[in-house]
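This document opens with one chain alone, in structure tokens, the form predicted alone.
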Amino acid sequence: MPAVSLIDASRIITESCVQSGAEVFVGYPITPTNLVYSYSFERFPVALPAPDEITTLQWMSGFSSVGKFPVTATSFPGYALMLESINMAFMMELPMLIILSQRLGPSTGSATTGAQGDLLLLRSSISGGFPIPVFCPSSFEDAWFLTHKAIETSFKLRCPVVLLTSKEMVMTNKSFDTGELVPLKKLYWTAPDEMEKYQSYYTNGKMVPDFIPLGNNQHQVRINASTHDYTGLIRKTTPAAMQNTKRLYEKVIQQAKDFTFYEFQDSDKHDILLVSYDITAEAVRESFNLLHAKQKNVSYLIVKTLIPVANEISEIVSSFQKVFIIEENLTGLLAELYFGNNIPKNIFRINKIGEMINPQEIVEEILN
């Protein structure tokens, strides 16, 4: 990429994937991720057009099982079709990256109108409430760095990871100096410690089992989407199988601190906190400057790892007298993720549907 260019986050994310070691793109074209699809066919070593989204995830699982890190890009309708296969990959412990660009819904919605409407879908992607890591860039710099961290986390945890973004982020061009983006380290599988007999889901006291790809000539490898024990054989509700299933939850929760990212601009007093994510973060940063120009003491928190909800995020939010959660949807999905249906009296929501939130609208809500 040239140093200074008119660019969108689709190209930045695609380039970050390739530099980070992703080897395969599999996709079915869908707005607003069409640009990721087209750029990927220019940049990935292997890029395949799938006939539909279900096939996309099945092919990705096949590539992952033989040690090739796969990426796809979709939006709500496509992600909904992928859910069964995402659960399959989660149970099999196959790393992969799913780029999800939000659009206005419900149903197929408006493909060219942005929104922030998919957060609670992502919270419930895995049956049983198991968390799938969700990263969310709030700037072009984030698109570069968080894509790399998402792939790194997927390798480390052996599970699918979602990079959540929006139509405005991936389709809007702006002048940007790509020379400021640091080169990324290529990520890859590390060979497990030497062992006499490999067992696919044996952790040897760790949270994540070692990985050997299918098709090797030294070890038998079983990859199983049904409830299984550490050998990879179906065991239903035996103690070993139940412990293995619990581990799928614990490996994400216990290591969440290692992949928790956020931007916290703290003021002298903990009076008012503005909380947001994704493209709305840009409006929050601007409203923060406008409010400080009016001598209003505010802080802001931009959340970049949305799921699982980290203890650090909860501690920051709970330390303020008033919290305004700002997002481009009608019902306040981030507020519900944090507080459920019983929103505390000191939590306020600023929401909008059909168009982006203007910084001045945030200022007016705070001053009123």
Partner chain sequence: MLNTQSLPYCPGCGHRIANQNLDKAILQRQIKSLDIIVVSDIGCCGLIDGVVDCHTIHGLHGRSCALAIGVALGLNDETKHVIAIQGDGGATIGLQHLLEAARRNVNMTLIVLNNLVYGMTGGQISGLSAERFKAERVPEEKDVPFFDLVKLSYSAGAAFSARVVGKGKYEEVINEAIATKGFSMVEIVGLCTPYGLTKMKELGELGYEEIILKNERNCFESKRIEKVSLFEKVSKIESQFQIHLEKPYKIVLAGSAGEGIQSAADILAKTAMRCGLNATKKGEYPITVGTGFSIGEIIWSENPILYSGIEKPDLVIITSQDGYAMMKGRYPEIECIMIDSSISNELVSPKIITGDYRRLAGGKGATMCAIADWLRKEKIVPIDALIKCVSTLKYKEEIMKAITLV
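These figures come from a predicted structure and were not determined experimentally. Positions refer to the first chain, counted from 1.
The following text describes the form predicted together with its partner chain, which does not appear among the structures shown.
The partner is not drawn, yet in the predicted complex one stretch among 122-130, 253-261, 266-274, 165-173 has residues with heavy atoms inside 4.5 Å of its partner chain: 165-173. Checked against its partner chain in the predicted complex, the residues N216, T190, T238, N204 give one hit for a heavy atom within 4.5 Å, which is N216. With a 4.5 Å cutoff on heavy atoms, E42 counts as touching its partner chain in the predicted complex.
Its partner chain in the predicted complex comes within 4.5 Å of no heavy atom belonging to T245. Heavy atoms of N346 never reach within 4.5 Å of its partner chain in the predicted complex, leaving it off the interface. Using a 4.5 Å cutoff between non-hydrogen atoms, I234 counts as a contact of its partner chain in the predicted complex. Heavy atoms closer than or equal to 4.5 Å to its partner chain in the predicted complex belong, across 136-152, to one residue only: W144.
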